[in-house]
Structure formats: structure tokens, C-alpha cells
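The chain that follows stands alone, in the form predicted alone, written as C-alpha cells.
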Amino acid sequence: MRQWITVFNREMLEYWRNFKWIWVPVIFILLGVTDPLSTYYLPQIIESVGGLPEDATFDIPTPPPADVLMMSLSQYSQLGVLVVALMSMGLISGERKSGAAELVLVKPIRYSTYVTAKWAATSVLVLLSLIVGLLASWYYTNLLFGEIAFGDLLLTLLFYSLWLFYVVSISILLNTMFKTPGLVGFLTILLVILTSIVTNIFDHILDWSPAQLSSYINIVLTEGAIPNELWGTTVVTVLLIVGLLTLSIYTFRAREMA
């Protein structure tokens, strides 16, 4: 356990040194407030760029608060996933390529300790960034569009964070398979996109796919109830995360021993 904490603290310190504790939360805050502000001030934005042609009308209905918060989640599902993939693409692959991983493992440190500590540190950074981003989105949504209960925000945070942890787990697995960070980042984004595409095509079968989390969260926000499918999706997502981490450990051990 002491070794695990040492590797975890080392990773957290590294995030301070490369300013990830600054720029990742800042990006998540910007992604969270972009849609509430741009949607509310859209008429003024249109007017400032020249307005509409003469006699043209543009009636913009005010979206309900739940829809505005879901817009922010959509930003995280697109640009947020891109940020997570870019910040995590060199976690292990970069150290394997430079030889730093061998220096750490010779201590000796168990492969499981090395992999899970890096996953945990990255997940903490992603979770805290998501928290501040959703809080910013929730604040402006309540201020400009209407109230969303804080309890609903907590449920949104709880369930949606699993999707980003799933993305981190995919990146960790690819980190153990390849030594090129750019390739890891590209394949992470590709696999996430494929997960969403396959889920959309076979949504009548893949009710418990991780990519369904956002749609079920929308039900929570609009109806105030947690659908049974969300619990099933949560269990499947957690099992997939555990499976990806287990496979990452075995893959990393096999690559290093080879």
C-alpha cells in the first residue's frame, strides 16, 4: 500500500509540474459555461454581428434548465473526451518510450501498483475538473434559465463521471499496448467514437452500454426519477472499467517482461 501511495503522489506532483491541475479544470469550466451563456445571449450576439435581414423574424424559445445542463454534458462528451485523451495519452507510453518506466519498476514496484495508481491519479484530476465545470454550468443555468435541484446535479455528476472514467481506462489500456503517445490518443478517441456509433445503431439491444449514460441522465433531470436502465448501465460500466484495468495490468506485464 505504501508503494501505491508513493506512485500516486508522484503522479499528482507531476500534474502540478506540467500545470495539468490548472489547464484541465479551466477547460472544463469553459466547456461548462459556454452553452448557458451563448444560448441566453444569442439574440444580443446576433444583433452585435449585424442582426437579421429586414422583415425577418427569429423567435428563440427559452430552453428548460435540464436541456441547458445537457448541452454542457454534450460538450464534455465531445471536447471533454478529447481533453481527457490528450492529457492521458503519455501516462505510461511516454515513460515506456523514454525508459522511465523501467527505472520505476526496478525498485521493485508491482505492475498492478504502477497501472492502478496512474489510473487513480488521472481519475481524480478528471473528477475534480468535472466537478468545477458542472458547478459553473449549474450556477449559470440556475441564474439564467431556472432552478435545477442540487441533488439532481449530484446524481448527474455521480453517473456521468463513470463515462469519463471509462475513457481514462481505455487510454490506460492503450498506453500499455503502444509506446507512441500520439497513437494512444488517436486510438482512444477512435474507440470512444466507435462505442457511441455502435450504441446508436444497436440502441434497442445495448440498453446498458456506457454511451447510454447521458440519455439516462437526461431522464433523471427531466422526470426526477432514476430509470432502472441507468442502474444496469452503471454496473456494466464499472465492470468494463475493472476489466480494462485488469487487462492493462496483464498487457503491461507481458510487454515489459518480453
Partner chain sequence: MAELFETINWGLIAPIIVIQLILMVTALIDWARTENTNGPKMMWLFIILLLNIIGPILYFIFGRRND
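What you see is a predicted model; the values in this text were computed from it and never measured. Positions refer to the first chain, counted from 1.
This next part talks about the form predicted together with the partner chain, which is not shown.
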| request: Would you please decide whether Leu158 lies within 4.5 angstroms of the partner chain in the predicted bound form, comparing each non-hydrogen atom pair? | output: no
| field | Heavy atom of Leu144 within 4.5 Å of the partner chain in the predicted bound form | value | yes
| message | Contact with the partner chain in the predicted bound form for Leu230, defined as at least one heavy atom pair within 4.5 Å: yes or no? | response | no
| said: With a cut-off of 4.5 Å between heavy atoms, is Tyr166 one of the residues that contacts the partner chain in the predicted bound form? | reply: no
| Sole residue of Leu206, Ile29, Ile219, Leu191 within 4.5 Å of the partner chain in the predicted bound form, by heavy atom | Ile29
| field | Sole residue of Leu13, Val242, Val235, Ile22 within 4.5 Å of the partner chain in the predicted bound form, by heavy atom | value | Ile22
| message | Can you tell me which of 64-72, 33-41, 222-230, 196-204 lies within 4.5 Å of the partner chain in the predicted bound form, counting heavy atoms only? | response | 33-41
| query | Check Asn18, Leu86 and Tyr140: does every one of them have a heavy atom within 4.5 Å of the partner chain in the predicted bound form? | reply | yes
